[in-house]
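Okay, here we've got a single chain as structure tokens, the form predicted alone, with questions on binding and movement later.
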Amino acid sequence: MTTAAPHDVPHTVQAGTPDLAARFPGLVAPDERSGYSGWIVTADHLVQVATALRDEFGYDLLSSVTGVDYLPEGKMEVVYHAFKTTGGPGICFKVQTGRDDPQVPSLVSVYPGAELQEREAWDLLGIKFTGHPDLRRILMWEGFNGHPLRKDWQEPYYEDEAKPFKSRSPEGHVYRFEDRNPFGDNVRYPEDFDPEKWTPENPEDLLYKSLKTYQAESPDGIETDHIVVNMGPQHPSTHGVFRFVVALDGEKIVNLKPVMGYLHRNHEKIGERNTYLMNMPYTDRLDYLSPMSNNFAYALTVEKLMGITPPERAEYIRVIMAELTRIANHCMCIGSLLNDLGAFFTPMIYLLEERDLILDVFEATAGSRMMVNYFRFGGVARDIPEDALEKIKGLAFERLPRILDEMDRLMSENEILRARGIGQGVLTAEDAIRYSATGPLLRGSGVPYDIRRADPYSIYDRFEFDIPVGKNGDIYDRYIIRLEEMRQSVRIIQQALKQMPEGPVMVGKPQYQFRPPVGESYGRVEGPKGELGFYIVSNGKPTPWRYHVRAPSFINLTAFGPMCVGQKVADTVAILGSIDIVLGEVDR
């Protein structure tokens, strides 16, 4: 496997992006660190620069916000990636702050889609976003001590900073590390804190306060109280351990706050302890209904960092697997949505049969139906077996076109789907962009933004396909979008099968450990649920210094509350189902 050597080059403005240093002299400077790109903005002028990027330069979609702890340098950095919904390359801008008391202005007033992402950076890294409307923990619980993604934070039974741990490799002597850990259980309490004498405050107070429960006056002049109701986390309609809290005026929703973190296992902290290749099977566990897409995004990001390109055949295999994944995901989404709406299990069972046939292909090729671990840096783990290739051809040219037409005929005029979907959970095009929505949620609102077309990756620029868009931005439009996307995926697979050349599926020899050059990389794909991105910082060692997942399920929930305001309680279930979330990706 060949890798690009790190080298110092002068900063050049990326083609098609503005020269911010010329527009904001003295306020913005190019990031001239070796292997880095983008712009460094002074904290005091961050809101001004972000506003100009949105209003003057057209970067209306703030896709990713994440923090990086540069412990040796005593600083924190917040990294932003913004894009144009009209297409083209994105722009990266950053702000740096001291590590002891990191404070950065919030961009929620400019890009409301930053809300949950800024809360995540505060929660896990301790970066305070001044002016944020509701800065609370989001994945950890209120009262948690410390910020676990900081480089000097150590978990209970901490063993070492990076894998492989010496207790397991290379010596391989297996024992219970807890019995020999020189740190003990490594449980650290705040100064002057005695757990035996602690009287807990209600951790929900901040949450309920953020709902702004207050008395309201009804049209007949009678003052009424707003009632706060919890739904989840153990609820059959929340698609996992997800909770949302609603403030009600009678049956009408006046405010809603999502509450997540019940499944959080600090995926990113684990990712910064693993070697690069160790992380590949961990990506399967994010959106576990779309593992091939997760592999794809992570592989692209590391390949971009290393400067390698997969062989032609591997590129076609990747596209075929990604589009089969999109079909399998949408089958699950539509089936569960119909179930949520009251059609019960008939549509779900029909659609699960098609998904099962696709999983048969994954099993024959990758060796597993869901946790595929199939992509590698520079290609894929193995070629598609001949019998699996024949199954794909049968699905793409015969079965799936017929089944999709049948699904359309049986479901699209279903009176339950139409009654509970049309005009419900409306998200306008403007709001979808403001809240950083991507995928079918954005396109259902009428915005024809698809990364495969807007900023093509891999070999997607070789295929002809349409971008389905909705008109009303409601639940029904989002259903129709997914149905049409499956047809377009079949169309892409058919072209890929006809064009796919013979040849190797991997560049060079497989490597189990390598050291990418120092630098940063952001890679993204158009996953079934929206933009799935990875931001990686390498310090030249076998493990990433920073490993961040831009999870579409998590960010799309930013729009959930606004979509529900004015709706009834029962509508929240349908709206949530139309967003299509997976809690493995929300909580990570």
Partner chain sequence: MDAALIWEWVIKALFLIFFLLGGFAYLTWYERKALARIQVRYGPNRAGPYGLLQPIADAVKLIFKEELTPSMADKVIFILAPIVTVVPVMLMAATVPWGPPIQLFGRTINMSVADLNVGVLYITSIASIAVYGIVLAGWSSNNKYAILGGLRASAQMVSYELALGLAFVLPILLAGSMRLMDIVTKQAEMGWFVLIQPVGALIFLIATLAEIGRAPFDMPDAEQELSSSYHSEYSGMKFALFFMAEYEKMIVICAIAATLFFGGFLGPGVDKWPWLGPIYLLAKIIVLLFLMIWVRATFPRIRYDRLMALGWKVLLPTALGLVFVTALGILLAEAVNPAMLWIIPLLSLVAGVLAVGVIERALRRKEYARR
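A quick note: this is a predicted structure, and the numbers were derived from the prediction, not measured. Numbering follows the first chain given and starts at 1.
Beyond what is shown, the protein has a form predicted together with the partner chain; the following relates to that form.
Contact with the partner chain in the predicted complex, defined as a heavy atom within 4.5 Å, is made by all three of 344, 416 and 472. In the predicted complex, the partner chain sits beyond 4.5 Å of every heavy atom of residue 86.
In the predicted complex, the partner chain sits within 4.5 Å of a heavy atom of residue 423.
When the partner chain is considered in the predicted complex, residue 488 lies well away from it, no heavy atom lying within 4.5 Å.
The partner chain in the predicted complex is not approached by residue 450, whose heavy atoms all lie more than 4.5 angstroms from it. You can rule out all but one of 136 to 144, 385 to 393, 243 to 251, 430 to 438: in the predicted complex, only 243 to 251 has residues with a heavy atom within 4.5 Å of the partner chain.
Of the residues given (296, 111, 316, 476), 476 alone sits with a heavy atom within 4.5 Å of the partner chain in the predicted complex. Contact with the partner chain in the predicted complex, judged by any heavy atom within 4.5 Å, is made by just one of 235, 151, 128, 515: 235.
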